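Below sits a lone chain in structure tokens, taken as the form predicted alone.
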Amino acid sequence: MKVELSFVLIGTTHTGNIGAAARAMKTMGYSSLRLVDTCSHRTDEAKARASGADDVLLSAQRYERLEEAVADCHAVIGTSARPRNLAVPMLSSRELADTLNTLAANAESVLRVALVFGRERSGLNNQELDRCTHLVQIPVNPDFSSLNLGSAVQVLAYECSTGLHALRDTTLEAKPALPSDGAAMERLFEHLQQVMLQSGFLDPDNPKHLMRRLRQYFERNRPDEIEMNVWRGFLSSVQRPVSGAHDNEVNPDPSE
């Protein structure tokens, strides 16, 4: 089982930090850099701080929103400088690779993972944290917890590089499917909110609180492809008029 790791920077304001992140990534063998609403990464300062990792820096992909940057990912690991009162699991940097190995162990194909780093001063906002399946925290001196973005990338890149390992098949038993990716999860949340509004269960004037709780639940329990089809099929059936006695559909298309 292979783990494909992408490093996602959000709202970076200092171009040199992007270069430093690229250098840290390449040092540990990683090359997928994704930038969300950051400053330019093609400046002389960024190239200087990259110190030869120009290929990683200049091939970085740019996005306007986090959900676009992680749409193809099965796991989204958000970095946090402090404990958060959220339902998603909080990992230490040392636990990160073990968790990814566990996620990858029972999957048949590539596990795509996003490591998300927030703004230099404020980190990730609540909406961005809601899109994370896990959080990770680097243990630091509580009396001086300031950690440069490039240094944070270096620490987590090192932990992943040394901790991730190739997993050999030890059984002929069928393996469970991968968790759904970010794009499929966003479609589920849109469909779920639509049905809840149509049924009157969700208050249209105040939908955010309940939807956030549901998002947190599903993010820490991401359904696989088969389970996603069940959920989408169920939601589609709720939207259909109850004339079902004359319907011949046995397995409605869950993408409707």
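From 1 onward, residues are counted along the sequence shown. Not measured: the values here are computed from a predicted model.
Unshown form predicted together with a small molecule; subsequent notes refer to it.
(request) With the small molecule left out of view, choose which of 137, 180, 99, 154 has a non-hydrogen atom within 4.5 angstroms of it in the predicted complex. (result) Looking at the other structure, the residue within range turns out to be 137.
(request) With heavy atoms only and a cut-off of 4.5 Å, decide whether residue 105 touches the small molecule in the predicted complex. (result) Residue 105: no contact with the small molecule in the predicted complex.
(message) Within 4.5 Å, heavy atoms only: does residue 145 come near the small molecule in the predicted complex?
(response) Contact check for residue 145: yes, within 4.5 Å of the small molecule in the predicted complex.
(message) Contact with the small molecule in the predicted complex for residue 113, defined as at least one heavy atom pair within 4.5 Å: yes or no?
(response) Flag for residue 113 set to no.
(request) Although the small molecule is absent from this view, report whether residue 87 comes within 4.5 Å of it in the predicted complex, heavy atoms only. (result) Taking the distances in the predicted complex, the answer for residue 87 is no, it never comes within 4.5 Å of the small molecule.
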